[in-house]
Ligand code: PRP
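The chain below stands alone and is given as structure tokens, in the form predicted on its own.
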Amino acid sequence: MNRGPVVAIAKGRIQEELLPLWSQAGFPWPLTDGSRQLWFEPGRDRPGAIIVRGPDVPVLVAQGVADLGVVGRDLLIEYPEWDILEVGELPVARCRVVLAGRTPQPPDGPFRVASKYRRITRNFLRQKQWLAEIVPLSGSLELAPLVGLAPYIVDIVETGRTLREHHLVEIETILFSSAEVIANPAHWRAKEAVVEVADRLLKVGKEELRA
């Protein structure tokens, strides 16, 4: 590499869990503890980074602002409209999207379900042939059954602890998710450095799985 590619990284858990792999791949991480900086220019022989909300990662990659991205598979399924190349899976940010409610029993008859995953929820309901109204919420989904907004939720869980703390139980797992490396298709074909960065990250990810 001469001047490194730019990688869009989903802030939060993916960013935190990606750091060890980033370091093991031989890339210096430009962030300092407590830094709120979101943009780091690429340097000689090192990639740059853009730290953004998860749904914005495929947007930046598709538009060519970033060459690569690291984002949850759940968001790629929820927002499939962007022209990106899915390169490979990393062993970080593992979680599940689940249907949950106050009891372990599946819904009976028409019902309401709160979720930020409207596309995933709609496809799941269609597959189950369940009649339901989707209530769009962007956060604090666990409150929906408690305050009477919707008896069920579709949400992302890691250990299920938050559900248990709000007296909710998992009814069914809809899909499994982890971090995915994605690429701009044109940049992937034209820039060797883009492939090199992705390969190095995926290689250390595989080594982490074998450890």
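Quick caveat, the model's predicted, so the values are computed rather than measured. Residue numbers run from 1 along the displayed sequence.
Quick note: we don't show the form predicted together with the ligand, though the next part is all about it.
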| property | result |
| --- | --- |
| Non-hydrogen atom within 4.5 angstroms of the ligand in the model of the complex for each of 13, 155 and 158 | yes |
| Distance check, residue 63 to the ligand in the model of the complex, heavy atom within 4.5 Å | no |
| Exercise: residue 123 in contact with the ligand in the model of the complex, heavy atom 4.5 Å | no |
| 4.5 angstroms heavy atom contact with the ligand in the model of the complex for residue 56 | no |
| 4.5 angstroms heavy atom contact with the ligand in the model of the complex for residue 140 | yes |
| Stretch in contact, per heavy atom within 4.5 angstroms of the ligand in the model of the complex, of 44 to 52, 160 to 168, 65 to 73, 176 to 184 | 160 to 168 |
